[in-house]
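What follows is one chain in structure tokens, specifically the form predicted alone.
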């Protein structure tokens, strides 16, 4: 027995002469309440996943500074890696649902992962708030546990098509998608609107995430001389497409959705190759919003350049946290009910309200273009 331990026991046993010895109360055990965060934290999409993690972690830290969510409970974030793989997403969802201390989840990033995991959260009555999954079909499954703080592809893709047709003057386009729930859905919406406007789709092709050699596909596209190539997918594959198209002499305009709006795309492709690329993103640049100024300053001082979805993850986490405060107890159903009752939550990207399907109300789409090695905001389009 250590001297310290012996001294503690001696002091605890000492009593006033003539009084009965009283048991010494044990120190109150700290209560912990947890929120999950699931995103691609490793692999080729890790940069964007880590940005989501950083945003959600800052929300949890800010919440603990403001005071306990329930009584004396401390809030913790549980980050899990789904590797942008639906099978891994389901495993992560099951792990979170099995932990009784977890009251909600921020996630997932990829629509294919969010859709695969959504049934697990619904069965476990755990609220799920995605910061980034834009496929509109996810919220039409009838799961009352699902919410999102971002616009959907049936807003984003038509805005891209209208810009391509009206502002860029494109009439003949080729479309490529990565055959994921997100990429294919985005490309479908773009194709429909582009054709409705009078545009011609010369060909539609699918690639696979992780694929490396696109020369045969790009050669076939080059022969058709499209005025625009629209890409539905995430940035790693587009970086290769851009580099290989440049080598083949395919000189055409490229455009994509929020999955390519990522600074690391420019690094992977090279600033010269990425120059002139157009992308839609879910709203205006947060650096232009007074409501996000403090978060952006603190984030960049700590982590460097802010991630594309860091602000969305921060807002998503805070929707759950503030609902939990209103619920007053670590009860999943109570927290879920309060998220559904959310009204004018003061998000750093603007007020957050949800419709009957869990979709955020009133989010707009921004048009961006790569210039001088950075995505530059051009204008707001669609709402």
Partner chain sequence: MSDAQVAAALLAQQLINGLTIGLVYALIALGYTMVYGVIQLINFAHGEVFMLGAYLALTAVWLLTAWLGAPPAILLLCGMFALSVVGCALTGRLIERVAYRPLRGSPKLTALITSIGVSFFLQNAVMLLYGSREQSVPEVLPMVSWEVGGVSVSGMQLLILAVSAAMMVGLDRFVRRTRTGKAMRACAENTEAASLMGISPDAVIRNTFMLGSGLAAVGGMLFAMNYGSVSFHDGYLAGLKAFTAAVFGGIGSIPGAMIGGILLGVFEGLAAGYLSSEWKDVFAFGLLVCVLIFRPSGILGENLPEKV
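The shown structure was predicted, so the numbers you read here are calculated from the model rather than taken from an experiment. Numbering follows the first chain given and starts at 1.
From this point on, the text means the form predicted in complex with its partner chain, which you will not see here.
- Note that among 99 to 107, 204 to 212, 71 to 79, 283 to 291, the stretch whose heavy atoms approach its partner chain to within 4.5 Å in the predicted complex is 204 to 212.
- Proximity to its partner chain in the predicted complex, defined as a heavy atom within 4.5 Å, singles out one entry of 181, 252, 264, 85, which is 264.
- The contact with its partner chain in the predicted complex, taken as any heavy atom within 4.5 Å, belongs to 220 out of 220, 140, 125, 172.
- Of the heavy atoms in residue 337, none are within 4.5 Å of its partner chain in the predicted complex.
- The closest non-hydrogen atom of residue 244 lies within 4.5 Å of its partner chain in the predicted complex.
- Put simply, residue 216 is close to its partner chain in the predicted complex: some heavy atom of it is within 4.5 Å.
- Under a 4.5 angstroms non-hydrogen atom cutoff, its partner chain in the predicted complex has residue 41 among its neighbouring residues.
- For the marked spot (366, 378 and 381), a heavy atom within 4.5 Å of its partner chain in the predicted complex is absent from each of the three residues.
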